[in-house]
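First comes one chain, alone, set out as structure tokens in the form predicted on its own.
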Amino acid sequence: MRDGVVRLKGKGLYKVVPGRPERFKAYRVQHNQARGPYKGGTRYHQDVSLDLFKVLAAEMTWKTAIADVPFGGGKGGIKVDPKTLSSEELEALTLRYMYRLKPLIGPDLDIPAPDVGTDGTIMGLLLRQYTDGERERHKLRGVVTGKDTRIGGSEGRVRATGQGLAYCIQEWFAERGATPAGSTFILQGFGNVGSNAAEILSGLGARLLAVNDSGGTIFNPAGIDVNDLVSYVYDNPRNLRRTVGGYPKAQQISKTDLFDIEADICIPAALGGEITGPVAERLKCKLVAEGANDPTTPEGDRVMAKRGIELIPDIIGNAGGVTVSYYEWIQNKRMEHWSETEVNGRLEQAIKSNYRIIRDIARNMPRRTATHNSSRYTIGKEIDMRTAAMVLALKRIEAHYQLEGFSQ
């Protein structure tokens, strides 16, 4: 070892850094609990801020109302790049976060879940710290959702957000008397939401043409084998960054070129603010199906409306995650475990029903059918899909204030 650098045979060079204490900014924002406990993800990312979490917590309030699950909205996390930490450091940071957070949360008060930079492993650590020393700890298992199925997690939760987005896309095609089979799509982001949505759509006969993530952008006009790409990204020990960049069965292109590719569907499933006005001007698609939170700017919305590009807004498009989180919470309360078939059956019914209500609000078509009732939500005029989704959310929240009143 020289100057703190050690060479491990066959594994390269590693720098030994002496241990030292370090401070991290951590947050939890609780927005609204009119409909039930605060609910929202835990994000580990270097670019988070209090203002961001305020926005995301409010969005969870609207999203839980749209999904029609009895939760409110919250969000939180830590300002850190988790990729720079060892597993031991990540564990220590997570346990300390829950230690400080414990007085503010609970299975009937505030229920965290995974988000960017966190997963079922992190949820297991949060659960362990929260229940440490509690006599009836199994009654507290629902304090976090998105757990591993072996410790109370729900079947189908990992794929739930991508699955919910796929159900919305199926419904969009069904309105036109078609299915996703034979359609094409481009994808931004190949994390949990993007990769699972791509796998599900591919299984329905859609063809993936291009993918962008933080490590690169790839394109194959003949189509990309999604299962093979998943293996390259997640099962390849040489792909340490878990990126689509360098995938050998597609050509490497620039990120800006992604939006010039002609496809039926564009799925932004990365971070917010990606579909700007200039990007929307370049899109060559019929539908933007939002998997990420806030991927389209207000200017981007205006441009897409002007160009006639249709929209599945994030607030319903990625509501599958929180919907199955609710199912997980119920299972924990009842000490039950449902099959993935049952979970997906409930999810499909919930997502498609609420999508139909939003569509009816947008078209000002009040209807009462066997699958949904939009008659109490339409407002007497046609509006865009994003506004229609907010109408549904606000009317469901408003009902609690109107019927329960305000405490003195």
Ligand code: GLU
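The model shown is predicted, which means the values in this text are computed figures rather than measured ones. Counting begins at 1, following the sequence as shown.
This protein has a second form, the form predicted together with the named molecule, left out of what is shown; the following refers to that one.
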| item | value |
| --- | --- |
| Candidate stretches 34-42, 340-348, 358-366, 379-387, one within 4.5 Å of the named molecule in the predicted bound form by heavy atom | 34-42 |
| is_contact(residue 147, the named molecule) in the predicted bound form, heavy atom dist at most 4.5 Å | no |
| Touches the named molecule in the predicted bound form: residue 113 (any heavy atom, 4.5 Å) | yes |
| Close approach of residue 159 to the named molecule in the predicted bound form, 4.5 Å, heavy atom | no |
| is_contact(residue 94, the named molecule) in the predicted bound form, heavy atom dist at most 4.5 Å | no |
| The named molecule: the contacting residue among 293, 195, 163, 188 in the predicted bound form [heavy atom, 4.5 Å] | 293 |
| Contact assignment for the named molecule in the predicted bound form, among 332, 318, 154, 212, heavy atom within 4.5 Å | 318 |
| Neighbours of the named molecule in the predicted bound form among 66-80 [non-hydrogen atom within 4.5 angstroms] | 75 |
